[in-house]
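One chain is shown next in structure tokens, namely the form predicted alone.
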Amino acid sequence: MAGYKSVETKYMEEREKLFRGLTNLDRRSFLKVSAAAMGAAAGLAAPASFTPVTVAQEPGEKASGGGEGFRFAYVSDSHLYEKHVNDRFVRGLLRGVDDVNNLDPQPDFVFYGGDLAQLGQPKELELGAEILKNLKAPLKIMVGEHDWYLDMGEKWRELYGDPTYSFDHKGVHFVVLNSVVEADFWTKRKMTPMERMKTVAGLDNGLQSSFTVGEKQREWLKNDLAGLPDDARVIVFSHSPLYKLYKAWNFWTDDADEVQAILQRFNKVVVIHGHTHQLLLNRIGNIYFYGMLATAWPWPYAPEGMPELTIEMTRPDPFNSTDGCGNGEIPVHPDGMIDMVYNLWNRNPITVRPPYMTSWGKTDVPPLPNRPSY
């Protein structure tokens, strides 16, 4: 119909008008942007991507071992440039924060999955920190390669501290790893810091080494987990997948097998990663892997090596820059397994429940795409 604009289009247009005049993203400015943009669509149905996903659960329920159910949210892979260079990715992160702040009840915390910046520049990372401080729930964060290789983590450490750490929450032991460690390929080539950063950001240029966790962190991981019983609830965050997916794109962690060997003694372990910008599911023995969505763009699926449990996202609309992007929620069950909720913008949410993973894809199959992936 000529002249018709969807609610979501009106929302984004109104938000863009306000965003152009925004110079300081403090909490008051952020809330002004969100409230004014939502007000532009007043009286109409809210777009699906801004409607909180309700997942049935009983947060107070306890397992026989004393575990408690709870829920956290995630946002990942925003790849921010400075606003004057590219404000589309900034709007994506703002939208992700909006989604999480609209959840009722609020999650226990929000996990950010890495690649906050695109070229690791201080102003990119500071802009991301400025936006993320508007989250209502506490923030936990992981580093990505785009955040690290300009200054080898100097600015990241200033903002967020050590990239390798663990914490406990309601009976679950969480581990956060820096899985994007690379061997030095830049010194012999006499690269500048920005040349090094752009080489790492290229992923498939053939100049860099594969990602690793590295011997130092593997030893740290052994020591960190040493005091836990085999039936402990453990969730691990890594930016790159902790398995070998597709080396040509660096969707790969070279020492993944050695990390898996450390985790295999547990009855079950959940590993959640960013980097691949897509719905991605895998299982290796008793380790269950879930990829997070990005707010910047969706990656295509690798031409080979795809895990059989993955239900590939429908091919994104090339005329809609946010299609295939999103964020989500993760209810944690008393037994340590999770529901992975993929809040795909412009589409219905997809929830992957434990029976699908534990049955090797035989039961509780999530909805299949209605057109091919890419």
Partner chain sequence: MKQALIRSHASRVCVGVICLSLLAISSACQRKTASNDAKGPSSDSCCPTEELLSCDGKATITISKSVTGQARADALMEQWKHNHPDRNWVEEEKAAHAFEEPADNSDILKDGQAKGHAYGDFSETDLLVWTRETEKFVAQGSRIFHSGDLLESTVGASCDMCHPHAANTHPETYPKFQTQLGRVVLLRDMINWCIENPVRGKKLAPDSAEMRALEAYIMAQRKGVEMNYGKH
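Everything numeric here is computed off the predicted structure, so don't read it as measured data. Residue numbers count along the first chain shown, from 1.
The same protein has a further form, the form predicted in complex with its partner chain, not shown here; the description that follows concerns it.
Of 185, 220, 165, 249, which residue is found within 4.5 angstroms of its partner chain in the predicted bound form when only non-hydrogen atoms are counted?
By the 4.5 Å heavy-atom cutoff, the listed residue in contact is 249.
Just one of 139, 261, 284, 207 has a heavy atom within 4.5 Å of its partner chain in the predicted bound form. Which one?
None of the other options qualify; the answer is 207.
So which of 155 to 163, 212 to 220, 108 to 116, 79 to 87 is the stretch with heavy atoms within 4.5 Å of its partner chain in the predicted bound form?
That would be 79 to 87.
Whether residue 317 contacts its partner chain in the predicted bound form should be assessed with a 4.5 Å heavy atom distance threshold; does it?
Contact with its partner chain, yes.
Heavy atom to heavy atom, is residue 228 within 4.5 Å of its partner chain in the predicted bound form?
Result no; residue 228 lies far from its partner chain in the predicted bound form.
Would you classify residue 266 as touching its partner chain in the predicted bound form, given a 4.5 Å non-hydrogen atom cut-off?
Contact with its partner chain, no.
Are any of the heavy atoms in residue 299 no more than 4.5 Å from a heavy atom of its partner chain in the predicted bound form?
Result yes; residue 299 sits at the interface with its partner chain in the predicted bound form.
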